[in-house]
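Take a look at this single chain in structure tokens; it is the form predicted on its own.
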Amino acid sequence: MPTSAVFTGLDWHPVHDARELVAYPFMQHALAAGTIVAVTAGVVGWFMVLRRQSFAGHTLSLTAFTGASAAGLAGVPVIAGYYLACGAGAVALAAASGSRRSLSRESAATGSVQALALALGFLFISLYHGLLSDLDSLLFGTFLGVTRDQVLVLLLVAAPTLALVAVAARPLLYASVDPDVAGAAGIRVRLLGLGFLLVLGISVAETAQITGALLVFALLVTPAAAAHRITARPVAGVAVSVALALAVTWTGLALAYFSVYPVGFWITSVAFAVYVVARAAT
């Protein structure tokens, strides 16, 4: 397909294209929401990769899919389905978690939760008899429906979430690196693990509103994984993860605005490219 047919409306003049990108309120809201989501995903995703809980994050993304489809079936706001389902999934994963000596059992339990979430999501979609176009955009991402109220809700959720991570950063880092020694030092590792999974569930629910429930994993894990390849320093790693997540989100939104392809595709593709470059460079 010719480039002009893919990037419709793009003049290839950076200043003019940048002005057009922020000229409409719906795009302003999408960029603001994407910024909030990227910062949260960058911070929480860095700890998720450090704790080797990427499989749990993927399971929660499928749980978000279940929540979105259940909310569509019940006729309630989809945002409620996202947060409730991800919260319930985080509690279920925390109950299935164990020590490093039982990682095989934990992985099996996490996979079982993931399979159940996926099955329920497909069940709810099969029972849904309305138009599936809006539901598809919620599952695979869109920037057309982001409103000012949604941006405000994202901000109100992200601010205390990031504050909790900041307060618990030192014991969370300690417990992530060596949970057995951290437990011997008096840190309540399992309670901390539950709290982090709840924070991870909130982050998944937030990110799914931009990337869609099925593609949330790309923004949550790929910039963080690239940051871990670039530096092993915690503070610098979190900063790099946030910077990469912002770059991926802004680039994905811009490419989706000027092209015929959805935002979820662009965010996932750009995130993967960033990880490939980081891996090759290091």
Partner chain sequence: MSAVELRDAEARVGGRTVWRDVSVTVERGAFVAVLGPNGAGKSTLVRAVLGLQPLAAGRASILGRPPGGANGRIGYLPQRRSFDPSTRIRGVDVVRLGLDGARFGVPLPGRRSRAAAARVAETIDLVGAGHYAARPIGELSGGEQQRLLIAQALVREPQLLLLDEPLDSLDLPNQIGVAALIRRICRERDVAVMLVAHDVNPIISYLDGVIYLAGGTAVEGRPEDVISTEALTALYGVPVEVLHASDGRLVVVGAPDLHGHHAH
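Residue numbers count along the first chain shown, from 1. Since we're looking at a predicted model, the values are computed, not measured.
The same protein also exists as the form predicted in complex with the partner chain; that form is not shown, yet it is the one meant from here on.
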Only one of 35 to 43, 226 to 234, 64 to 72, 243 to 251 has residues with a heavy atom within 4.5 Å of the partner chain in the predicted complex, and that stretch is 226 to 234
Can you tell me if Asp180 lies within 4.5 angstroms of the partner chain in the predicted complex, counting non-hydrogen atoms only? yes
Indicate whether the partner chain has at least one heavy atom within 4.5 Å of a heavy atom of Tyr174 in the predicted complex. yes
Can you check whether Ala108 is within 4.5 Å of the partner chain in the predicted complex, heavy atom basis? no
Contact flag, Leu50 vs the partner chain in the predicted complex, heavy atom cut 4.5 Å: yes
Only one of Leu127, Ala159, Ala115, Ala184 has a non-hydrogen atom within 4.5 angstroms of the partner chain in the predicted complex; which is it? Ala184
Taking the partner chain in the predicted complex as the reference, which of Leu123, Leu84, Ala168, Val153 has a non-hydrogen atom within 4.5 Å? Ala168
